[in-house]
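The form predicted on its own is given below as one chain in structure tokens.
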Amino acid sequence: MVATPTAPTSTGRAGAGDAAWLATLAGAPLPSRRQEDWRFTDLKALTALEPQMITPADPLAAVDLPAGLERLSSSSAAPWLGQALAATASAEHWPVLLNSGASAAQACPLLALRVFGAAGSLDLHLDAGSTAGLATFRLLLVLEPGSSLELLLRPSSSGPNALSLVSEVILAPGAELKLGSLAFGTEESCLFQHTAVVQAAGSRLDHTAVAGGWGLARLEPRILQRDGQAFSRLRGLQVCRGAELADTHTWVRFDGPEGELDQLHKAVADDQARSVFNGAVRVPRAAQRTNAAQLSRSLLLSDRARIDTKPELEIVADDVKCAHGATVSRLQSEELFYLRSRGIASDQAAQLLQRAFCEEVLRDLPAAAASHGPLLTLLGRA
């Protein structure tokens, strides 16, 4: 099931001045690079935008939802809204405040879905279009006990604008969600994607986020296993070139025993691009017998590119199995030599190695992603 909106429209200018306009929408000043979570995030691309709102098309308006899935009205969704943000301590994060303020000012459509059975798959295109300005989307997913859904989100931009997406997900006992994000933009566009998930015992989350082409991309998945005894699988891939900046901050907390986390984050940086990864895992005393693994692997293709990776594990429980690791490397000369010795040209050999590096994450996207050629978009046609 695919929903592709028509081209978004824009409204008039909403006042003077880039940073001041954004701060007014958020009700808070822009983050400073003196703040630890923002010290690698240069907001120059954001403040250079035209201070006007974009009204995006409703991606659910023209789609027939599969059985087991229904759209909630604003009044029906109201009791759920804000729960996951509050539980993951992110209601006051600046990108969330910006999304809330801008959505209220523009009355953007709420994408609220209740899953009450085996709902199959859904593919939603969230497009900011080519118009200058700021576009916002708000997504709410409520999965009832024993329900399941495979959802692919495709945030995109083709112009000098910013796309803000805030998603809240609530998983009841036994619910299963395979959530993929395939986000492609341009060097003059910005992406702020914040995902807050609350998992009940016995639930399963498979979340894979892929981003490429954005001048500035900041992704923040935040997960709370409220009672432990749940499974979270996180996969991330960011590819940046030119002067692009890709910035991912993940946060996972276990508030009960026997929770599981399997996390892999990958990054590719070329030219003068910069990739940032900060992964925080919180294991308080109540989370005994937690099994958590986090791995960050980055590929540096240029002497001028930069990669910053910072895994964080805060463990108070004493009966746990937790591991983390981080590597930053270049294409291995031995592997290149092996391919060249079999008649493969140097450029093709490098492309093959990059492809293999990316495929480990791309294969975990929902099946609908294959028709959109993610590997081709990320690495080009070489």
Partner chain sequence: MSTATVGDLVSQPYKYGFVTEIETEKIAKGLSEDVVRLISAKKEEPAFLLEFRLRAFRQWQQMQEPDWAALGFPAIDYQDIIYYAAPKQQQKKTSLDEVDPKLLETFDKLGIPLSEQKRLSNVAVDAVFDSVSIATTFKEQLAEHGVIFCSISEAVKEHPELIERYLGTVVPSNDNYFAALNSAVFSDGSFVFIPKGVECPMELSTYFRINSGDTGQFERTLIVAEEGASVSYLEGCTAPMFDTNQLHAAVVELVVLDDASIKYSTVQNWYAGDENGVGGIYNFVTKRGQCRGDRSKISWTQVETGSAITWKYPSCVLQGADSVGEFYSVALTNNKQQADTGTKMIHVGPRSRSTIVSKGISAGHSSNSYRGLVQIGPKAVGARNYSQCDSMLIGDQAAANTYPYIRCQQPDAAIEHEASTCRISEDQLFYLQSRGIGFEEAVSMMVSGFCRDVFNQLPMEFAAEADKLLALKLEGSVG
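Bear in mind the structure is a predicted one, so any value in this text is a computation, not a measurement. Residue numbers count along the first chain shown, from 1.
There is another form of this protein, the form predicted in complex with the partner chain, and it is not shown here; the text below is about that form.
- Comparing 302-310, 108-116, 178-186, 244-252 against the partner chain in the predicted complex, the single stretch with non-hydrogen atoms within 4.5 angstroms of it is 302-310.
- 274 is the sole member of 93, 207, 222, 274 with a non-hydrogen atom lying within 4.5 angstroms of the partner chain in the predicted complex.
- Contact with the partner chain in the predicted complex, judged by any heavy atom within 4.5 Å, is made by just one of 288, 83, 148, 158: 288.
- In the predicted complex, none of the heavy atoms of residue 44 sits within 4.5 Å of a heavy atom of the partner chain.
- Looking at residue 329, you'd find a heavy atom of it within 4.5 angstroms of the partner chain in the predicted complex.
- Contact check for residue 61: every heavy atom lies farther than 4.5 Å from the partner chain in the predicted complex.
- Under a 4.5 angstroms non-hydrogen atom cutoff, the partner chain in the predicted complex lacks residue 38 among its neighbouring residues.
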